[in-house]
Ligand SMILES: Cc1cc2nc3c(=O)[nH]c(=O)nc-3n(C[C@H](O)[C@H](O)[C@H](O)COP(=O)(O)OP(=O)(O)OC[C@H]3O[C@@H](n4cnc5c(N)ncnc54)[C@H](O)[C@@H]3O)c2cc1C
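Given next, in structure tokens, is a single chain: the form predicted on its own.
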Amino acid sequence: MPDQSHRVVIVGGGAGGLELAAKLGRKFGPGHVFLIDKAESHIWKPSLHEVAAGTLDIHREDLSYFMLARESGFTFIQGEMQGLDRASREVSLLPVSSPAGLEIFPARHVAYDTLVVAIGSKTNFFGTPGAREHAITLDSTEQAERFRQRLLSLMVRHAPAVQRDGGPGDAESPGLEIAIVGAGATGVELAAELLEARAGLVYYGLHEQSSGYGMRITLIEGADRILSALPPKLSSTAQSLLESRGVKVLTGVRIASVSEDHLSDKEGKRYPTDLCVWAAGIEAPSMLSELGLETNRANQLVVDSRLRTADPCIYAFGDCAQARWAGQDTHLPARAQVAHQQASFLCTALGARIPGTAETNQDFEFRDYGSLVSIGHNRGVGSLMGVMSGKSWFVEGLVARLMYMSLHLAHHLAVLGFGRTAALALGRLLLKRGAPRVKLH
């Protein structure tokens, strides 16, 4: 007999978790599908580098989870997962408080029949001294906004005197030194977006249009090339584009410590910096290693070919899970398209659990459609996999950038459906005409 009360609880409202909740919610309704996230609103994480640079206004981009729940038919519960009682099948949540310290929601317990963990990842400092204290990460909208505010403050502080008080100016005024540690997709895209932000700041007169003054960006990578997880041709093209626009790219440099005003590498060389961003690696939240389930060194939950943990009632996917790549001698990478495909797979698997029908024996198979990296608003590079031919095509320029933008629309399409996605895209296009090039407040 079908189970009319089966509760699927999804912890984590990132790209994969939200897509899964929306798909299941539209099919089964809010009595069966529950989404838990500590934030009030959702933003597509790959766009956080644009929020940090100020080229994307978070207040126009984020989507309320309560609104999404109403539209897509699931129940949203705001809170942060603190622990898990597997015997009683309950997730414990920390209390939710306002920035002023006022308690909004108390600590609670949420019962589940099937639990899906999709809480994503956070920055891995690899034990580097001073990195946690002095470097900024881009794990959340709050951190991206913190970077943007510091960037604006430092731009004003480092601007020539003629711009600040109408004086004669100072030809020797130092520029702003920004160091980005880690040249994966996040580091590379942030460097490119900061160039767009610099152009916007010049346009609005924040500092003089002088080639001798400005924002100096240094991109530091420990591997022998940037974007080391992607094809070499893509890496070399991206590096050439960045260097042609003034970004200093250093490869084979391993940072040993981070201080308030400089970085030091393993060889003892120092790199001055006013603002440091750490984008050198990721790990899952340490809380996962305390659940009594198998985890790896990066705190990721180890899952089988159907994305199940050792507990048959608990699934995990996305950045917080370690899953084997079928046919490859490695694990699946932490990429948005992996989480997207896993969400679609689980929608089918859990779609059988909720009504109590027989589950299929199908394993998850990832299909790599290639990678795209944004190198500015009119530039991009990418490698696309031919599904039928098995060949790889290299794309760059505006075509690659437009394809990169389409990934964001595809995420909205999975969450909101075609009609709302089309209306949202048109509305943002019209709003952009009246918005500044870069957020200045």
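Quantities reported herein were computed from a predicted structural model and do not represent experimental measurements. Residue numbers run from 1 along the displayed sequence.
Beyond what is shown, the protein has a form predicted together with the ligand; the following relates to that form.
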Inset, instruction - Please pick, from M81, L234, L151, I217, the one residue with any non-hydrogen atom lying within 4.5 angstroms of the ligand in the predicted bound form. - result: M81
Inset, instruction - Answer with one of A191, A118, V181, A238: the residue that has a non-hydrogen atom within 4.5 Å of the ligand in the predicted bound form. - result: A118
Inset, instruction - Mind telling me which stretch in 240 to 248, 332 to 340, 223 to 231, 300 to 308 gets its heavy atoms within 4.5 Å of the ligand in the predicted bound form? - result: 332 to 340
Inset, instruction - Determine whether any heavy atom of I36 comes within 4.5 Å of a heavy atom of the ligand in the predicted bound form, and answer yes or no. - result: yes
Inset, instruction - Would you please decide whether L275 lies within 4.5 angstroms of the ligand in the predicted bound form, comparing each non-hydrogen atom pair? - result: no
Inset, instruction - Would you please decide whether P46 lies within 4.5 angstroms of the ligand in the predicted bound form, comparing each non-hydrogen atom pair? - result: yes
Legend entry - Any non-hydrogen atom of T186 within 4.5 angstroms of the ligand in the predicted bound form: yes
